[in-house]
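The chain that follows stands alone, in the form predicted on its own, written as structure tokens.
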Amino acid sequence: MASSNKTHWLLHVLFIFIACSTILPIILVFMVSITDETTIAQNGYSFLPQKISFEAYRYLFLDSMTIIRAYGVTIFITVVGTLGGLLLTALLAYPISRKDFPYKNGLTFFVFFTMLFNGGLVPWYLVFTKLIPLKDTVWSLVIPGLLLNGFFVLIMRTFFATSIPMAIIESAYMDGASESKIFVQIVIPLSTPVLATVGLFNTLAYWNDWFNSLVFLSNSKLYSLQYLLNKILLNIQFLAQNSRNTNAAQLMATLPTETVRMAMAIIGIGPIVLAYPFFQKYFVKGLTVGAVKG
């Protein structure tokens, strides 16, 4: 009994240490973002800023509509992309999880093959600009590369195959239910853990994506939040590297470069950090059950 209590205490201490190691860097980044730029240059980073300044946030929100619009674009592609990705993943994973589906092996191999090989960046770009004209549309941030992932299909397929009893499906057949009714009213409600797990992965992928904006967009009104922040960072680096120019040197002298980087990180985290608690209770079960090979 004493040994068990000691083990529990050690586990508590271990998890407190892990929690602190993940939370403290975020707190430090936030504190640096609200610290005066001159103070950072003199004393370095600190959890307790000697002089508080919101200059970095003021600089980022000089054109507040641009940030708000980018937030709106990112929230739209995250919601639509996650829901669409979950629907397509489930619709592909469910048939190949059924032993009585005649093309099960061929489709499973095709999904697995896409995880190992792809056509390359140039054919990928040509498909989504010439064959499917998505360039300079918001759908270019939703469909290419993110909507359907072979790894998630295999996770969901394994979950369906191992966690949905065939007897339930056969009983539904005997009661006269159709395939679509079985899928919507029986399979989906029993698959909450894997749907939440894949949904979380999809949400993070869409929220953090900036590459599609770089490749497909020239219209700045459609920039996602992450790409906009990345573009601001690149502009600051360009000015810093070319500060020998008189105008650039004057601009850099008034620009809170270090704190702006930290403020961008805080803005980039945004509401996505609040998504974890809602998915956490399903996350472990969905991932471990769905990841079993078979």
Partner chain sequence: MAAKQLTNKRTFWRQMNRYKSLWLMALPGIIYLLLNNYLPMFGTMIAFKNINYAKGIWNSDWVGLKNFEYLFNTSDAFVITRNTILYNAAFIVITLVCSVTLAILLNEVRKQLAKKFYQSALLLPYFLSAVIVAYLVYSLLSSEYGFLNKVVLPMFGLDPISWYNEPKYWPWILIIVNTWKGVGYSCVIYIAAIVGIDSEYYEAAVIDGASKWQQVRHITIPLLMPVITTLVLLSIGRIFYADFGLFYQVPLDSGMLLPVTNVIDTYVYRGLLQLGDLGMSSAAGLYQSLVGFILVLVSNAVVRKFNRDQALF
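Heads up, when I say rigid core I mean the largest set of C-alphas that superpose within 1.5 Å between the two forms. Note that this is a predicted model, so its numbers are computed, not measured. Numbering follows the first chain given and starts at 1.
If you look for the form predicted in complex with the partner chain, you will not find it shown, but the lines that follow are about it.
Judged by heavy atoms within 4.5 Å of the partner chain in the model of the complex, the contact stretch among the candidates 157-165, 139-147, 74-82, 190-198 is 139-147. The contact with the partner chain in the model of the complex, taken as any heavy atom within 4.5 Å, belongs to Leu107 out of Leu107, Leu222, Leu86, Ala172. With the partner removed from view, the residue among Ile52, Ile68, Leu233, Ala240 that has a non-hydrogen atom within 4.5 Å of the partner chain in the model of the complex turns out to be Leu233. The shortest heavy atom separation between Ile34 and the partner chain in the model of the complex exceeds 4.5 Å. The partner chain is not shown here, and in the model of the complex it never comes within 4.5 Å of any heavy atom of Ala56. Although the partner is absent here, Tyr45 lies within 4.5 Å of the partner chain in the model of the complex, judged by heavy atoms. Shown alone here, Leu60 lies farther than 4.5 Å from the partner chain in the model of the complex, counting heavy atoms only. Using a 4.5 Å cut-off on any heavy atom, the residues of 8-40 that reach the partner chain in the model of the complex are, in sequence order, His8, Leu11, His12, Leu14, Phe15, Ile16, Ile18, Ala19, Ser21, Thr22, Ile23, Pro25, Ile26, Leu28, Val29, Ile40. After superposition on the rigid core, the Cα of Leu48 moves by 2 Å or more between the shown form and the other one. Core-superposed comparison between the shown form and the other one: the CA of Arg69 stays below a 2 Å shift. In this overlay on the rigid core, Leu225 has a C-alpha that sits less than 2 Å away from its partner position between the shown form and the other one. Look at Phe201 and Phe15: in the model of the complex their Cα atoms move 3 Å or more farther apart than in this form. Shown here is a form in which the CA atoms of Ser46 and Ile232 lie at least 3 Å farther apart than they do in the model of the complex.
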